[in-house]
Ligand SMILES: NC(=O)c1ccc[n+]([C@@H]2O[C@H](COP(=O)([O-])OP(=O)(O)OC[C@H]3O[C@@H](n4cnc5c(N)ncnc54)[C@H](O)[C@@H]3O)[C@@H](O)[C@H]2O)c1
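Take a look at this one chain, the form predicted on its own, written out in structure tokens.
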């Protein structure tokens, strides 16, 4: 009888990475080998949840460990690129928190390295794809029940000003609210519509964090243009007065979908006297977010299993993010260049 070899995994960064460590520890096809965080107290506290899992404050202990097959990278944004490259060059699959990197040349380098190591794979933690509500919306759109789409609005309402004005985001030489927040809505729009924009316009401001140690934009608004003339407005509110929420409006020729803090509903007629339809599919269902990582592990164990977030998905979304950041800085319309 052949015993299936388990995927040996390590996790770097125990913020969101703590959830990833728990997911890997519980996966029947995985063995969680090592966890890493520079904060000794956090490392010890999270580490106490696991039996016989190595703890380290040095990421090199995981990146250079020849026994580890998969690394989950949940460190600060500025470390992602080098850790991803080191993983690939050391023969490891990668599951990385957004953003995968911060600069165009870094994205190109990761793309090149993946071509050099075709047996390795990469995925990212785009968790909105696991939400039952958004899955339902995607099904409605893909079955053309809404008719041809002409406009979408997707708003990331973070409502966590304290995370912007203190900690690593405020201390970083460069922080992007596009890469940290708008990225989720960009991915959601691409996933729901199955389309890629061709151009982007953008504006940003730092009025919310003004007077604090956060010197980068805390708000951005993007306007995406598609080849078929569909448009998408995406905004990311870093510190506005609003609970954490992902608002979405979709306008089609046959119906309209609205998901905001007060209601989730479908509108099928312009007749004011006709009732709208309430949508009851669950949101946000955070307990399901581990499905993104689980799908990646399953795809590594079985090549026939489809991963929830593919290589192409990652590069497409990051290409848009890079163009949007350029558009914010230049105040010009930027043509999106995909890898």
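As the structure is a computational prediction, the values presented were derived from the model and not from experiment. Positions refer to the first chain, counted from 1.
One more form of this protein should be noted, the form predicted together with the named molecule, which is absent from this view; the next part is about it.
Screening 79, 117, 245, 174 for any heavy atom within 4.5 Å of the named molecule in the predicted complex leaves a single hit, 79. With the partner omitted here, the residue from 323, 24, 12, 317 that has a non-hydrogen atom within 4.5 angstroms of the named molecule in the predicted complex is 12. The stretch in contact with the named molecule in the predicted complex, judged by heavy atoms within 4.5 Å, is 32-40, chosen from 302-310, 32-40, 276-284, 64-72. At the 4.5 Å threshold, heavy atoms of residue 97 reach the named molecule in the predicted complex.
In the predicted complex, the named molecule stays beyond 4.5 Å of every heavy atom belonging to residue 144. Among heavy atoms of residue 169, some come within 4.5 Å of the named molecule in the predicted complex. Using a 4.5 angstroms threshold between heavy atoms, residue 127 counts as touching the named molecule in the predicted complex.
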